[in-house]
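Just the one chain here, the form predicted alone, laid out as structure tokens.
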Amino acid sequence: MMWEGLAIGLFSLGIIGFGFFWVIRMEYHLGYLWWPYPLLFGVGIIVLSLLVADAGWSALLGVTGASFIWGATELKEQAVRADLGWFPRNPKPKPLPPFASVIRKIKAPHL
């Protein structure tokens, strides 16, 4: 029996579920202006997946990278959901990311 496919499927399910969690927590504590950083992290993980010789590990890294890219596009959507009252808003001021003035000029990605 080949268990690798089942393992990749379960890992994919887990990392996607973790993506929902970190998007909600990141927007609550940091705000949506931090979206470029998980986006770049996800792209870096995908590039790393291209350099791994084993197909299983490459697939796991690719799923992880894609999940981070998806999460980066969801940060703005999560802020909107919080504004609508669907999720709690953090009453404390959120820290600005490095290069916040440049990030504000770029439209946040949306899928």
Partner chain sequence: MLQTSGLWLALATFLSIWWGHVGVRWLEAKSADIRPPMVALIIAGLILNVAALFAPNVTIGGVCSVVGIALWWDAFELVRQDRRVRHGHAPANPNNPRHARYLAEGKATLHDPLDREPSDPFVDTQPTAHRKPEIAS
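Residue numbers count along the first chain shown, from 1. What you see is a predicted model; the values in this text were computed from it and never measured.
Form predicted in complex with the partner chain: not shown, discussed below.
Is it the case that W22, even though its partner is missing from this view, gets within 4.5 Å of the partner chain in the predicted complex, heavy atoms only? It does not: once the partner chain is placed as it appears in the predicted complex, W22 has no heavy atom within 4.5 Å of it.
Within 4.5 Å, heavy atoms only: does G44 come near the partner chain in the predicted complex? G44: no, not in contact with the partner chain in the predicted complex.
Is P91 a contact residue for the partner chain in the predicted complex, using a 4.5 Å heavy atom cut-off? Taking the distances in the predicted complex, the answer for P91 is yes, it comes within 4.5 Å of the partner chain.
Is there a non-hydrogen atom of L96 within 4.5 angstroms of a non-hydrogen atom of the partner chain in the predicted complex? L96 belongs to the contact set for the partner chain.
Need the contact residues for 42-66: heavy atom within 4.5 Å of the partner chain in the predicted complex, sequence order, or none if there are none. Those in contact are I46, S49, L50, L51, V52, A53, D54, A55, G56, S58, A59, G62, V63, A66.
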